[in-house]
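There is one chain below, alone, in structure tokens, taken in the form predicted on its own.
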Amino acid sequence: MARGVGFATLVAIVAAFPLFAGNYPVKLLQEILIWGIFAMSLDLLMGYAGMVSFGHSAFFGIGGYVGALALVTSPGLVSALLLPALAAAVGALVIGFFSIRVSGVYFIMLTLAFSQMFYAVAFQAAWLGAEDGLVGVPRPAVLGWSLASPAAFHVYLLVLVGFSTLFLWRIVRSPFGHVLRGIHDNEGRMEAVGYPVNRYKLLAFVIGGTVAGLAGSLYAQLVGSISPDAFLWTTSGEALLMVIIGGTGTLGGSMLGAAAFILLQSMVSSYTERWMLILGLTFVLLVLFAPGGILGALRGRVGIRS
């Protein structure tokens, strides 16, 4: 009961945030929500299926570029959401088809190689803006209602974050999600009892890539641009840190990790350019003293259950 009241209060505060906060805090919150979606999509692979991917940025970038190109010609929801998600799903299907055939460090290197290939193409393609990327990305309109204002975009974003979270939550608690956990714990045993492990891993890869593509499109709509850096391995690395900081295998932890990472980056970088040093120290302390991440530490302290 108390947990439900606390969650409802948090949602109400996030929803009403533009009413009492300035433009910069609102944009920071919206950035946290988008990166939270991206981190949750990576956690589906990493925390539930045991696939540590350094190429997840490929789908974030595909979604961002497809959304940017489509919105310029047709600023509707199909361009903003459907096309980026479909393009990212196709990309995830192709990359996943090859990547799931290996595991461990080979899987990491293969996914990293794919994302760097996308980076190289985007960096050199003139029709994609080359190293400058695409700028002037418009926000969509829904039934003639423009989402250009911060308040309208906030409502639109909250709805999508809610649907994405509910969708992933249903996935991880479904029989499919339980099989993924089994594959994470002991892939050989799951294969021995008759589960088509590669099919499950490929489907998880496509689902994670699709949600990551949606996050990429939302990010392009938020900042009004997308650059080749979206494909860079550091984008995957930042999402990986968010998942670990928040707590792997916990969707809520991924959102918490995104909030901690972006707030730390925003606050500390305003005082020193060496904010990465402080972030690194924070990461080391978390790994040593709270291996379950922020959510794991909260569970241990106040008895929150998953």
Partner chain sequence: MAFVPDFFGQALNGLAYGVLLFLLSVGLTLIFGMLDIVNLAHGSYYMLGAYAGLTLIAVTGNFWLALLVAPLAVALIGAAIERTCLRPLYRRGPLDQVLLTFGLIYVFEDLVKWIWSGRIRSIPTPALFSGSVTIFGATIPSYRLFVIVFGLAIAVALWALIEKTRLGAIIRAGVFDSEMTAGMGINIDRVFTGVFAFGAALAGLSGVIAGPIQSAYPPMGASILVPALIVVVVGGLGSLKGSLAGSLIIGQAETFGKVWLPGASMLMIYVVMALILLFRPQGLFGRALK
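This one's a predicted model, so the numbers in the text were calculated from it and none came from an experiment. Residue numbers count along the first chain shown, from 1. Note that the rigid core is defined as the largest set of C-alphas that superpose within 1.5 Å between two forms.
Heads up, the form predicted in complex with its partner chain isn't pictured, but that's what we're talking about next.
Contact check at 4.5 Å (heavy atoms) against its partner chain in the model of the complex: all three of 54, 98 and 117 pass. In the model of the complex, its partner chain sits within 4.5 Å of a heavy atom belonging to residue 105. Mapping the unseen interface onto this chain, residue 238 counts among the residues with a heavy atom inside 4.5 Å of its partner chain in the model of the complex. Using a 4.5 angstroms threshold between heavy atoms, residue 90 stays clear of its partner chain in the model of the complex. In the model of the complex, its partner chain lies within 4.5 Å of some heavy atom of residue 112.
Listed residues 70, 279, 262, 29 were compared with its partner chain in the model of the complex; 279 is the one with a heavy atom within 4.5 Å. Partner contact region in the model of the complex: 239 to 247, out of 239 to 247, 29 to 37, 60 to 68, 252 to 260, criterion any non-hydrogen atom within 4.5 Å of its partner chain. In sequence order, 273, 274, 275, 276, 277, 279, 280, 281, 283, 284, 287, 288, 291 are the residues of 270 to 292 having a heavy atom within 4.5 Å of its partner chain in the model of the complex; the partner itself is omitted from this view.
Annotation for residue 288: C-alpha shift of 2 angstroms or more between this form and the one not shown, rigid core superposed.
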